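Presented as structure tokens, the chain that follows is alone, the form predicted on its own.
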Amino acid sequence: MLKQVKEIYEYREMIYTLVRKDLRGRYKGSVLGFMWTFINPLFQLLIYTLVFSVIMRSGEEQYYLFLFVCLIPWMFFSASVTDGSTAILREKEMIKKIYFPRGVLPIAAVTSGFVNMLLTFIVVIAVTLISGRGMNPVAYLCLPLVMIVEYLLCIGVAFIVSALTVYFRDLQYILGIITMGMQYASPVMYRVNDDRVPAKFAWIFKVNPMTSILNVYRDILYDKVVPNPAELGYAFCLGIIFIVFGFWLFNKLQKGFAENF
């Protein structure tokens, strides 16, 4: 496994090139171009805030901020799953023509989404400051840590789904439905201990790998408290488990990629 990791590192320039290509081409030809990076999450924020603050009232203070600080990380995870699932299939012609470590492709897909999330977080932090809620500088020191943890988790998930989709093409469509359902089983729009969450379904949140990560984001950006070290540590362990297992499975399955194109 270390040999494969070293080989991917040697192709880091290729990852950089693929990420730059994706970011440049994402909104090519559109009138607003790269501004959609900020407009899309803001529109989603507006819709969710309308539903949960006006129609289905939430008891959270400044609900738009409560939602926004977790919505952006969730969108990154969701995009990593859906975009990652087709990372190999999208580049099958390139795979047939030249040799390079195939793991470069899911890593590039996730890294592109990660850069997009970092840019969107400029808006998140700006909204946090403008709202008057303030910030805890000590808690903010943990923000890069949870971002890295989520990045590792997303790469691990992308390894898994990109490899499996080569063999089961329907998976790319099924994953869209799964991630939509997972959003409601994640503390994006409400807390895990919310009264609206029946106790018999609490286990779903516990097995959801994004629960701890989203809780940490909300601790830092909304509650302005230093995250519980145990929760941050649990999230880190999950991230490591997913990336190790995902990398192992990807290397196991990539031997049959060419036969299934």
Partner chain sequence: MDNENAIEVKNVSKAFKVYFDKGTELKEKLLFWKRNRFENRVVLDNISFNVKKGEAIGLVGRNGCGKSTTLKLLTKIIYPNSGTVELKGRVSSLIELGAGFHPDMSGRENIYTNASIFGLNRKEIDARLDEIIEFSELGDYIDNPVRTYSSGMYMRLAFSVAINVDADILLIDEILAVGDANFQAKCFNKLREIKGNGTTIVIVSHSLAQIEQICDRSIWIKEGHIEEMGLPKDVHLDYLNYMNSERIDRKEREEFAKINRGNRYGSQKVMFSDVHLLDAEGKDVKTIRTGDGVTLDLKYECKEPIEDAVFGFGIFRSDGVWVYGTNTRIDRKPNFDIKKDGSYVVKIDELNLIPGEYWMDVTIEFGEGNPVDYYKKALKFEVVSNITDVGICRIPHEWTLNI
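Numbering follows the first chain given and starts at 1. Only a predicted model underlies this, so the values are computations on that prediction, with no experimental measurement involved.
Missing here is the form predicted in complex with its partner chain; even so, the following discussion is about that form.
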May I ask you to choose, among Ile95, Ile125, Ala185, Ala79, the residue with a heavy atom within 4.5 Å of its partner chain in the predicted bound form?
Ile95
Do Tyr11 and its partner chain come within 4.5 Å of each other in the predicted bound form, heavy atoms counted?
yes
Do Lys6 and its partner chain come within 4.5 Å of each other in the predicted bound form, heavy atoms counted?
no
Contact between Phe121 and its partner chain in the predicted bound form at 4.5 Å, heavy atoms?
no
Taking any heavy atom pair closer than or equal to 4.5 Å as contact, tell me whether Tyr140 reaches its partner chain in the predicted bound form.
no
Please determine, with the chain shown alone, which of 167-175, 106-114, 81-89, 128-136 has non-hydrogen atoms within 4.5 Å of its partner chain in the predicted bound form.
167-175
Thinking of Tyr16, Arg102 and Ala258 as one candidate spot, does its partner chain come within 4.5 Å of a heavy atom in every one of them in the predicted bound form?
yes
